[in-house]
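A lone chain, given as structure tokens: the form predicted on its own.
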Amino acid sequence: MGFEGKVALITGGASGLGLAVARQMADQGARLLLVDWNELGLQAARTSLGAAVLHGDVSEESVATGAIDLARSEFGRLDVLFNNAGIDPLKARSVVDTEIDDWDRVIDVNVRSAFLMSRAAIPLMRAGGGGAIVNTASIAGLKPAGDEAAYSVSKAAMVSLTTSLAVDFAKDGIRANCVCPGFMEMVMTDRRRDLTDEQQRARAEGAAARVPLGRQGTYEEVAKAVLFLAGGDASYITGAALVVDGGLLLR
């Protein structure tokens, strides 16, 4: 499953799941390009992993084209695209309780970014003989989470985008799959800003009680699933939504 000599572009790569995937790929010989709006995190990743980095908002077309231009100039190819950037703002709740601007922002960051990155990346992948796209969806995209309408819809769209990519570009040697995590070890970065430490602890305890395996997943565990989908051991898998949730969807 090694990535020796492969080039991987990771959005949301400065922290959390994106950074865990970057570390595991680097350990297996991948050359990395990380894109994020967290400039300090990017600089730390560049130092520790030797990654190329691009600071910007992945929902903007110029950032997507800039990222692919950088991959082309730095590495001359692109083998893996991991569309991982995402937000889940606490104030985006049910349809009637979500402001239009908040709805649009969730869709832009969670879905539009993956569309833009894929659109920009596929020609470079195609020129190199193929590649793998992995999208971060969620079990909320398969079974909507209560009071998280925008997030659930965005992740359902990511599942659908994945299957569209898989159908349309299989002939080019490009596989597309998504990973659907459940509760992970920390809430998403944007949500952490709006929760107290006590609320985060209560959320973790409640999550562990609901999950059949009795705990939240770690970034490292979910990252291993991403590497599987991106690597050679998944060479005959495309259009799949791999659930990594400790059995939560079974409840």
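So that there is no doubt, residue numbering starts at 1 and follows the sequence shown. Since the model is a prediction, treat every value here as computed from it, not as a measurement.
What comes next is about the form predicted in complex with a small molecule, which is not displayed.
Peer 1: Can you pick out, from Lys224, Arg46, Arg203, Arg215, the residue that has a heavy atom within 4.5 Å of the small molecule in the predicted bound form?
Peer 2: Residue within 4.5 Å of the partner: Arg203.
Peer 1: Going by heavy atom distances of 4.5 angstroms or less, which of Arg126, Arg93, Arg105, Arg119 would be at the interface with the small molecule in the predicted bound form?
Peer 2: The option sitting close enough to the partner is Arg105.
Peer 1: Picking from 22-30, 36-44, 194-202, 66-74, which part of the chain touches the small molecule in the predicted bound form when contact means heavy atoms within 4.5 Å?
Peer 2: Selected range: 36-44.
Peer 1: Can you check whether Ala137 is within 4.5 Å of the small molecule in the predicted bound form, heavy atom basis?
Peer 2: Yes, contact at 4.5 Å.
Peer 1: Although the small molecule is absent from this view, report whether Met188 comes within 4.5 Å of it in the predicted bound form, heavy atoms only.
Peer 2: Heavy-atom contact with the small molecule at 4.5 Å: present for Met188.
Peer 1: Wondering, does Gly231 line up within 4.5 Å of the small molecule in the predicted bound form on heavy atoms?
Peer 2: No, Gly231 stays farther than 4.5 Å from the small molecule in the predicted bound form.
Peer 1: State yes or no: in the predicted bound form, is some non-hydrogen atom of Ala51 no more than 4.5 angstroms from a non-hydrogen atom of the small molecule?
Peer 2: No, Ala51 is distant from the partner.
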